[in-house]
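Take a look at this single chain in structure tokens; it is the form predicted on its own.
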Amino acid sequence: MGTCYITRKEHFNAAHRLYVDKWTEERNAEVFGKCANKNWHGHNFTLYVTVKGEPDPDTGFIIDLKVLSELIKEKVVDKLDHNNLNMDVDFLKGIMPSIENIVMAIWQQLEPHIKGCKLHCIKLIETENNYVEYFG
């Protein structure tokens, strides 16, 4: 056999603000633009979780996608969806909630719980023009 890759897609909506406390409002606006809005801003995020492994000889699965979906919802989506990423999410406390940092934090939430295969990539789409891929 050989290695295969399978991806599960999920969605969540969340608000955040990109700013650095020790900077002035002007400096934050210069660096982060509209993303530094003091009243926050939101996104409809699309999350892709890709795992890799060899298909089970009996089921043909790398992982049961129902199990993967439930894991993503429990460890990530339920914590992020309709929340403020700066204030409400335990695994983002003290972290600038840029899309780059969010995707690395999602990896940390999922990777220890993936069984029978390996986490390969987390792709997080923030807008139609912006997304990040992280390979651990």
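Numbers for residues come from their place in the sequence shown, where the first is 1. The model shown is predicted, which means the values in this text are computed figures rather than measured ones.
Below: the form predicted in complex with a further copy of the same chain, not depicted.
Q) Heavy atom to heavy atom, is residue 104 within 4.5 Å of a further copy of the same chain in the predicted bound form? A) Because a heavy atom of residue 104 falls inside 4.5 Å of a further copy of the same chain in the predicted bound form, the answer is yes.
(Q) Can you work out whether residue 83 and a further copy of the same chain are in contact in the predicted bound form, taking contact to mean some heavy atom pair no more than 4.5 Å apart? (A) Residue 83: contacts a further copy of the same chain in the predicted bound form.
**Q.** residue 109, heavy atom within 4.5 angstroms of a further copy of the same chain in the predicted bound form
**A.** Residue-level check for residue 109: no, no contact with a further copy of the same chain.
Q) Could you tell me if residue 75 has a non-hydrogen atom within 4.5 Å of a further copy of the same chain in the predicted bound form? A) Although a further copy of the same chain is absent here, residue 75 would stay clear of it in the predicted bound form, with no heavy atoms inside 4.5 Å.
Q: Any residue of 108-127 with a heavy atom within 4.5 Å of a further copy of the same chain in the predicted bound form counts; write them all down in order.
A: Heavy-atom contacts to a further copy of the same chain in the predicted bound form: 126, 127.
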